[in-house]
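Structure 1 and structure 2 below are two forms of the same protein chain, each written out on its own as structure tokens.
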Structure 1
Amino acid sequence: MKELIYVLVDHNGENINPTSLETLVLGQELAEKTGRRLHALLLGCNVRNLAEQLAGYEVDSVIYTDNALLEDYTFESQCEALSQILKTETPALLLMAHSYQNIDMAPRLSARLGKALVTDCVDFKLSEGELVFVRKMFRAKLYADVRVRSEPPWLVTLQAGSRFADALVKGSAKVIDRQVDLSSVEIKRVTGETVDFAKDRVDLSQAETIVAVGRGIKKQENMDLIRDLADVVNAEIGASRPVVDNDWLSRDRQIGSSGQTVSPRLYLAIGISGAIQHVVGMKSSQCIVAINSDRNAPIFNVATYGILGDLQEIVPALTKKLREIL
């Protein structure tokens, strides 16, 4: 049934992973462009309620599998469940978010099925009737077009921030309970303890507004200007690497190739030159406002709006005006 597209939806048992919703957006786009039918796929234990949430989007169906061995992630149970489903249905594609869990599982599933895996994609296009996937290379300095020649299903992971979950088309889909047999699964890797990495740390990937600061801030004392602005617009504070290296902000605030990847509605880049290592982590933001005193700063090439001037003059004035408006 090569006309099918499956999207694997990640969750924590209570909430759906936002990056999976972004992947579902890509699935909707692919279904529209290729005429294929789209199905959301949910693995877990007692996840009927999450399946019903997904049924509110425009998909042909939401297929969920309830099994005690799928309550906590293990690559053994996840691979076995997906193998059984994919061998039965044989869709054209299995899309999934490029998350830590899927990075661990997808290569194993690819090897088990003997099928192609294309990782960390940011887009797709149709060329002479062929589906081509686009992925970044060499720290996003180049884009590669990837054509797959092997038989389906193809496994594809999507980079976070490549789509906006807000773009999901609403709909009404049927929910299907699909059972798998995991009695033969031997769990070799046991999870001893689950630690919330984000506890007492900042998850900038979920922020809708970010005020980010770079080396142009010049001295730590000027961080107070940034904090005042962030408070007014209810934003999280991010940073380029030099600010973190100077210990002006903690490492979990770093954005870029060696930090977090973000895609907020509004990204205020203050005193950030726009080195490629930083830009790859924020260029998917919906609106980018750059404030910089260097008219040749590369950040202006990706900015929606640019403000040329001294941030020590502009930021307080902007904060004052926004405080009056908001």
Structure 2
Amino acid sequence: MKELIYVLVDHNGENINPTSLETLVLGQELAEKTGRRLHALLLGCNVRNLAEQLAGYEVDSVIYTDNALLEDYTFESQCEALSQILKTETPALLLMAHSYQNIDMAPRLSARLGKALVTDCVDFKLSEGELVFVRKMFRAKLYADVRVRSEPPWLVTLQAGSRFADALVKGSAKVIDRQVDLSSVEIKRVTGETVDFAKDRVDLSQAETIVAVGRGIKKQENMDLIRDLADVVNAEIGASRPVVDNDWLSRDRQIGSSGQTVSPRLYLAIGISGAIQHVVGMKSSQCIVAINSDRNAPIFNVATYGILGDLQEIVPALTKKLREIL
């Protein structure tokens, strides 16, 4: 039993979460390198269709659970279903996407079972039979190899973008129906209405050029620097989260996991450190220019060009130069 790897696959009833497919890629790699067998796990209601879809990938089997109490996500029923499955099957690993949903649920599962959870991993390493997970710490400026010291199963969540879903190996797997008993689950947390601020917002997804500003701008009065630059290159203005939290720009200009996803031809990241939650929203831009005074800012790991320096100096100079030539 310890020779199994499970991948929990998230979905919204219709589509599979892209990060879950990336997680399945990680599962395939780990299965190959450790000689373990890989199974995909789907929880939901009427998910046989999705299970059939997953069966087209190279996995040993797709295990799915249909249960009315799993139709809408609640941490209570998800945790109970997974506890039951992990207690009888005890795989070596349960891999999951580091999604908002799993991060709400997985730590509870981990504490309930007394099994370690390694969150937000970007990679793994295998040396002399020992498996360690790689994740970022200290504001994404340092990497850490993390060893797990508790008995299997180990629970692991994978950061979005750590693998390419295109790398999934195709195959043909059997589909297995696995029942769980959720009759004792008590739902204490009730889900209410969803508020969508996206309805009448500025749509940045079509912008050709975006000048994005981060906390490095320091105060509202400095925002003119950004507006001037945006004017010259005819750009939309975007922002990282702290700028929006400070009300220096409206919430609908936030770029990142809880904001918009953009892919302009040119993205200027000014005084933005490059936290993953920001980067997921802009990393597919064609050309990224980062202006930052910290040589170790993670934004330089995704940018095409980086200017190391004080934005107070660089931005006006850049605006002036561009005004001359455009």
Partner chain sequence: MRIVVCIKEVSSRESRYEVASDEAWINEANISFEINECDEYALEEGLKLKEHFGGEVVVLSVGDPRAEKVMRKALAMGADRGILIADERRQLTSPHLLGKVMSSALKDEEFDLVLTGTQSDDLSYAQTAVVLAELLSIPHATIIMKIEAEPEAKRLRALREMESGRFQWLELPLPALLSIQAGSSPVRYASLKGIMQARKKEIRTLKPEELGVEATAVPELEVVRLYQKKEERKAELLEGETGAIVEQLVEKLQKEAKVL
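Take the two forms, find the largest set of C-alpha atoms that superpose within 1.5 Å, and that set is the rigid core. All figures in this text were calculated on a predicted structure; none of them were measured in a lab. For residue numbers, the reference is structure 1: its sequence is counted from 1.
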>> Does the form predicted on its own correspond to structure 1 or to structure 2?
In response: 1
>> With both forms fitted on the core, check whether the Cα of residue 9 differs by 2 Å or more between the two structures.
In response: no
>> Taking the rigid core as the reference frame, tell me whether residue 70 has a CA displacement of 2 angstroms or more between the two structures.
In response: no
> Would you say residue 158 moves between the two structures, meaning its CA shifts by 2 Å or more once the core is fitted?
Replying inline: no
> After superposing on the rigid core, how many Å does the CA of residue 259 move between the two structures?
Replying inline: 6.4
